[in-house]
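In structure tokens, the next block holds one chain alone, the form predicted on its own.
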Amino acid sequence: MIETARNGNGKDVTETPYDGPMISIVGLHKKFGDFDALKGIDLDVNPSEVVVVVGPSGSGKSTMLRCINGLEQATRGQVFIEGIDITHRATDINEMRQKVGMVFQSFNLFPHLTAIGNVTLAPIKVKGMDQEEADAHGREILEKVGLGDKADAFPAHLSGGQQQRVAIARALAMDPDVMLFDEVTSALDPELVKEVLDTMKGLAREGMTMVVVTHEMGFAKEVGDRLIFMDEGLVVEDGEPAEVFNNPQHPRTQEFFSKILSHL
């Protein structure tokens, strides 16, 4: 695929097919008033890579995800999606968001719409897909996340795990190149966590590029290609999950895992 990028003057430049990182974060800073949520993040995520992000509350994990899809505007630094700088004022952020699906801790489903209604809304409204095509595509995706028989159910009649899988299907319906998951199991009862994690594992097996903020260390060990540990707005450790778990280098990582892993 030929990519169109923007140079420093904001002009479109047609390039050869893009083969770099799917996501590239360069010197990312984010301030909320006097609080430095991100203090200079540098991170590349390659195509089909599953990067799991862990760390204590308030370390900047969710803020980083929200900067990747433009929900938060960077104070300083750049975020590139497939080589296009989404922080540049000339970039159409709404167009770029179609490439990046995001699933949140809260399901945020429309209660007055069925599962299929929630899944088809954006393809129809944003992509201009006709109802019949959107419906067929949506039912296929619901089948993929194990909810083919719940297409016509309203959110109130679904369990928390089922609602979260509808939220995942809704993001997938836009055919994104990247999926971001922000602690998607933390609001679920323990017995419902597995069905959501199994859905995410399936996406990983299919080669979906994923950045996953989670407290589920088992998922990080089993599915992650890389494990990122964040603390106080910085990436303090980055490596293969087994290496980071078994031989953390940074004192803060050592302290964190000594407390977390003792309970596993």
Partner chain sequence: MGILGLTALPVAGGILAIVFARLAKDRIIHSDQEGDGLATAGQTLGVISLVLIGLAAVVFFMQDNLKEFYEDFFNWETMRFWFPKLAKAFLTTLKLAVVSEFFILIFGLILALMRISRLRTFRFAAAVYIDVIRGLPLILQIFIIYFGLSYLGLNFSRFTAGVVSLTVCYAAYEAEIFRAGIESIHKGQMEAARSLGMTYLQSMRYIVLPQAVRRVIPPLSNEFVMLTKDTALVAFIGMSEVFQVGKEAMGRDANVTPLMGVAFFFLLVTIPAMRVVQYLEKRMGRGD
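Residue numbers count along the first chain shown, from 1. Nothing here was measured: the structure is a model prediction, and the numbers come from that model.
This protein has a second form, the form predicted together with the partner chain, left out of what is shown; the following refers to that one.
Contact annotation for R66: at least one heavy atom lies within 4.5 Å of the partner chain in the predicted bound form. The partner chain in the predicted bound form comes within 4.5 Å of a heavy atom belonging to Q98. With a 4.5 Å cutoff on heavy atoms, N108 counts as touching the partner chain in the predicted bound form. Within 4.5 Å of any heavy atom of the partner chain in the predicted bound form lies no heavy atom of R165.
Residues with any non-hydrogen atom within 4.5 angstroms of the partner chain in the predicted bound form fall in just one of 189-197, 75-83, 90-98, 141-149: 90-98. Of the listed positions (M102, L158, M129, I116), a single one reaches within 4.5 angstroms of the partner chain by any non-hydrogen atom in the predicted bound form, namely M102. For the stretch 156-194, the set of residues having any non-hydrogen atom within 4.5 angstroms of the partner chain in the predicted bound form comprises R170, A171, M174, in sequence order.
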